[in-house]
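To begin, one chain is listed below as structure tokens, in the form predicted alone.
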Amino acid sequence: MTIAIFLLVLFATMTVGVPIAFALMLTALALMVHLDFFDAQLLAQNVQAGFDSFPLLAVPFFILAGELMNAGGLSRRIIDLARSMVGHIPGGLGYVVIGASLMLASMSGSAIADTAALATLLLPMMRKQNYPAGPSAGLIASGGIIAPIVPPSMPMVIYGVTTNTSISKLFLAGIVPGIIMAIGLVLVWRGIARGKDLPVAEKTSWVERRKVLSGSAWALMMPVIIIGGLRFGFFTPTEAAVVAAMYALLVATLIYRELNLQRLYRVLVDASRTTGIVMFLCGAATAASYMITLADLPSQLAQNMGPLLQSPMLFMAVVCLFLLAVGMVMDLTPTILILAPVLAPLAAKAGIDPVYFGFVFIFVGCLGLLTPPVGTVLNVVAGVGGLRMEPVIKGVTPFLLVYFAMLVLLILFPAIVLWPLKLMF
């Protein structure tokens, strides 16, 4: 009965258009009434406790770092570097998208920020050189979701705080899969480019390449500082976010000098607005999570899913199918906040490594960013490029199929995620 009330209230409120944060609070309220435990003060305290968390400080600073990168010229220089290296290959701008996606992902951790930067700078170039609009937009969207996979990743921070999983280990778990994603995109784009008569840009001289590399060196140092500092214990993930934001600010204002006070004010406003939305979601989710724990929902679900818990691989397959369905109608952050506290304890009972489960959870949630009808990243690309959604969906399909194949490999071979952790720890 408790499970039914939880699901009914949550999905009924979302269906009628109630914002996710308020839907979560109403769900917590419904569980309180059902358990005869109504206490408005307790509800307010849990909402406040949800964003009064030191590890969650990483979220606003990574958001700020991403905004500073885009406004301060760091993102543009990374894209210029990739273009100078591979832009002359047939279909070269597609490879530029993939290389820039991987490099930007190691700096911002935000799929939306990276996708917006790539679409703004590269989609007009691809259109000018008569690249097919659908596959080009699909490639940019597919490259954008590498950002939540490789460190630093904001969804991993939120998942780690929500489920008490090591954020540093989640970060390191994403390095190898992120590279595999990029390789998969290269293979698919190569097949697409081979069947098209795409223009070839003039090869950049080594003198020009050295100049572009020198200009982007300060931007390239950012992931080295973040990942190196985490690996060798110089700072925590939260402190890494502060370092990233301060480094981006200093480079944008003192070295590249592309960020004046007026633009900095706009950056701070945009970052604050996004932070407010995410933090309110975290607070509402904490209230719902408290009531989920009080109602003992994980144990009730474990009883209903008893046979699945005996087979970790079957459990993972079922959970992934469920998350894929949820991802079609819900964004990644609310998916983590709503479902991670329920599913993570079940995974532990099934004997699944918490870091591996957390990574797969986030990976599947990222696929939801590419699937209609919500498809947040698809909407960003379509909006920036002024494209209809139909060609974007069609263009992203081959890349999405590769990601689905990768998901099957992750389920069958958990060592893809766990092997780097064994080397590091």
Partner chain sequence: MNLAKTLRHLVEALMAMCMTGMVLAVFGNVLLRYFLGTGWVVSEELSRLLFVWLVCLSATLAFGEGKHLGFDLLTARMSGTKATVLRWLSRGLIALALWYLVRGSWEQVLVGMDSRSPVMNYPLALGAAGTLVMGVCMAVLLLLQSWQDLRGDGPGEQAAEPGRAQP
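On a predicted model such as this, the values are computed, not experimentally measured, just so you know. Residue numbers count along the first chain shown, from 1.
From this point on, the text means the form predicted in complex with its partner chain, which you will not see here.
**Student:** If you check I277, M221, V186, L324 against its partner chain in the predicted bound form, which one has a heavy atom within 4.5 Å?
**Tutor:** For this set of options, the contacting one is I277.
**Student:** Heavy atom within 4.5 Å of its partner chain in the predicted bound form: which of V364, L387, L31, L43 fits that? Just give me the one.
**Tutor:** Exactly one listed residue reaches within 4.5 Å, namely L43.
**Student:** Residues in which of 96-104, 260-268, 131-139, 213-221 have heavy atoms within 4.5 Å of its partner chain in the predicted bound form?
**Tutor:** It is the stretch 260-268.
**Student:** Is V16 a contact residue for its partner chain in the predicted bound form, using a 4.5 Å heavy atom cut-off?
**Tutor:** Within the cut-off, so yes.
**Student:** Within 4.5 Å, heavy atoms only: does R194 come near its partner chain in the predicted bound form?
**Tutor:** No, no contact at 4.5 Å.
**Student:** Do L400 and its partner chain come within 4.5 Å of each other in the predicted bound form, heavy atoms counted?
**Tutor:** The answer is no: L400 has no heavy atom within 4.5 Å of its partner chain.
**Student:** Indicate whether its partner chain has at least one heavy atom within 4.5 Å of a heavy atom of D353 in the predicted bound form.
**Tutor:** No.
**Student:** Between 56-90 and its partner chain in the predicted bound form, list the residues on our side with a heavy atom within 4.5 Å.
**Tutor:** L56, L57, P60, F61, L64, in sequence order.
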